[in-house]
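One chain comes next, on its own, written as structure tokens: the form predicted alone.
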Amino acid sequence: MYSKKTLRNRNVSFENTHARNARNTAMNTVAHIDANYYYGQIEALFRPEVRGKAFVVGGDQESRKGIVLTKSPLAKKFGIKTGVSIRDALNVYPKLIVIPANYPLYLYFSQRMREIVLQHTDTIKPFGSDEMWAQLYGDRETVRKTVTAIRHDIWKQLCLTVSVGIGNNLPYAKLGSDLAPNNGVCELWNDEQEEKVYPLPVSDLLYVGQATTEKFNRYGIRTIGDLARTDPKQVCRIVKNKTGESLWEMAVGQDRTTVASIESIDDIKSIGNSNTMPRDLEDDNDIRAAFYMLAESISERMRSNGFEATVIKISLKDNDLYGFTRQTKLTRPTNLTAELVPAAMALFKRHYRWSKPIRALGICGADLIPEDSVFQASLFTDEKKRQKTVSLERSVDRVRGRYGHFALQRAVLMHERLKSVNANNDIGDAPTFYSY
């Protein structure tokens, strides 16, 4: 006797076998699947009274705290923008309906959506809870039929519409889903790049944020075509690091990033970040600076997705490539860098005695729970002081989101060579990963 989940996994494995057999005989294509105003769609399923009305997801209407995570189509028409504060959104349209986020429900739909896609391929790459890349096989007509089947199955089983981009690589597929209409498909193939891709603004390219866009504009690079026609070495000089070459490769359609093979999806359990450092780390001060650099990335992502970690994990490799992973339970759930780093440092000191310099370091927040979960408060914690830290780190998130990661930096990194490594930047020097 098999459970429904076991039967689903068996069916997925059956489908995946056929996909693997096709790999060596058919061309491969990347599709980017993006659920349309994801949180809003899900809420409308469970709240018939808000359908067709102006509503947003992501804040407490009574206290008017938080930001807009998703807006309904009608709210968009009234000028409500994603990322603005709930207070500002209500000032724009006082009759706006504000729905608090329900992350466990969204994660359930995220899991189910990925399971559906895995019935059509064995290779997906999640990108947040509502987006993913999928590797598809066959000629273009076969790929179109597969995409149609994926969209049909997601709608039939989850009542969600998705936009899909199709291309020869991940960046072009992502561009396609951004350009596709709601519940539509857009194809951007390399042999059509001169006509369809190169005229697009350079800011549309994956990982090109506002700060990088401004740098490019100062040098006359305003479209993806301008970037493609610029010498890669010059691009590196403009962005002041080696990631310029990766951006150039994305622009010309030569990105070689692959979609990792995965055959089962579970709930998101952790958000982490790791990096091979630009130089060996030689003492505790180096480690502390590196932890701050990495922890700011994962704490921001936890906050933006509404999570707190109950467990901290660290990983390291010395310059002989010997490494290990350690973890410990936190005294209270948190998504604050100011609390993650001391916990990581304590764990590091307990398990490492500086036999060799450290080459690579990682930190991960695990056993995630929703931010509004109930927990046992401590009599020894100054909650008023802690709330100031919460407000401060969220303010930093907003500033960096608008002006770029380097707009604000911690003092611990100011005189440290690690400050050149942006763990949460437009291109992602450090590999950020979601663990399933």
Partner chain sequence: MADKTVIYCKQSGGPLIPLTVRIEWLSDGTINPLMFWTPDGTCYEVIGHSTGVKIAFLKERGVGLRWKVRGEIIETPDPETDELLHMQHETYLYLADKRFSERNIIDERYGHTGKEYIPVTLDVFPDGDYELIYFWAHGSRYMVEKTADVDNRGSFKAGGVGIWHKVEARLINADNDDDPNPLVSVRRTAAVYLELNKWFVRIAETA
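Under this definition, the rigid core comprises the largest set of C-alpha atoms superposing within 1.5 Å between the forms. Numbering follows the first chain given and starts at 1. These figures come from a predicted structure and were not determined experimentally.
What comes next is about the form predicted in complex with its partner chain, which does not appear here.
Practice task
Indicate whether Ala407 is a 4.5 Å heavy atom neighbour of its partner chain in the predicted bound form.
Solution key: Because no heavy atom of Ala407 falls inside 4.5 Å of its partner chain in the predicted bound form, the answer is no.
How about Arg218 - does it come within 4.5 Å of its partner chain in the predicted bound form, if we only consider non-hydrogen atoms? Arg218: no contact with its partner chain in the predicted bound form.
### Query
Does any heavy atom of Phe348 come within 4.5 Å of a heavy atom of its partner chain in the predicted bound form?
Contact check for Phe348: no, nothing within 4.5 Å of its partner chain in the predicted bound form.
Contact between Leu179 and its partner chain in the predicted bound form at 4.5 Å, heavy atoms?
No, Leu179 stays farther than 4.5 Å from its partner chain in the predicted bound form.
**Prompt:** Three residues, Leu200, Tyr207 and Pro232; all within 4.5 Å of its partner chain in the predicted bound form via heavy atoms?
**Reply:** No residue of the spot touches its partner chain in the predicted bound form.
- Looking at Asn241, Asn102, Gln254, Ser315, which has any heavy atom no more than 4.5 Å from its partner chain in the predicted bound form? Spelling it out, the residue with a heavy atom inside the cut-off is Asn102.
* **Residue (of Arg386, Lys53, Arg402, Arg394) lying close to its partner chain in the predicted bound form, criterion heavy atoms within 4.5 Å** => It is Arg402 that has a heavy atom within 4.5 Å of the partner.
Its partner chain isn't shown here, but in the predicted bound form, which of 38-46, 363-371, 66-74, 386-394 has heavy atoms within 4.5 Å of it? Single hit among the candidates: 38-46.
**Residues of 106-134 having any heavy atom within 4.5 Å of its partner chain in the predicted bound form, listed in sequence order** = Going through 106-134 in order - heavy atoms within 4.5 Å of its partner chain in the predicted bound form - the hits are Tyr108, Phe109, Arg112.
Once everything's superposed on the core, is Asp34 shifted 2 Å or more at the Cα between the shown form and the other one? No; Asp34 is a residue whose C-alpha shifts by less than 2 Å between the shown form and the other one when the cores are overlaid.
Taking 2 Å as the cut-off, check whether the CA of Val396 shifts that much or more between the shown form and the other one after a rigid core fit.
Yes, because once the rigid core is superposed, the C-alpha of Val396 moves 2 Å or more between the shown form and the other one.
Cα-Cα trend for Val164 and Gly306, given that in the predicted bound form the distance shifts by 3 Å or more
Between the C-alphas of Gly306 and Val164, the gap widens in the predicted bound form (3 Å or more compared with this form).
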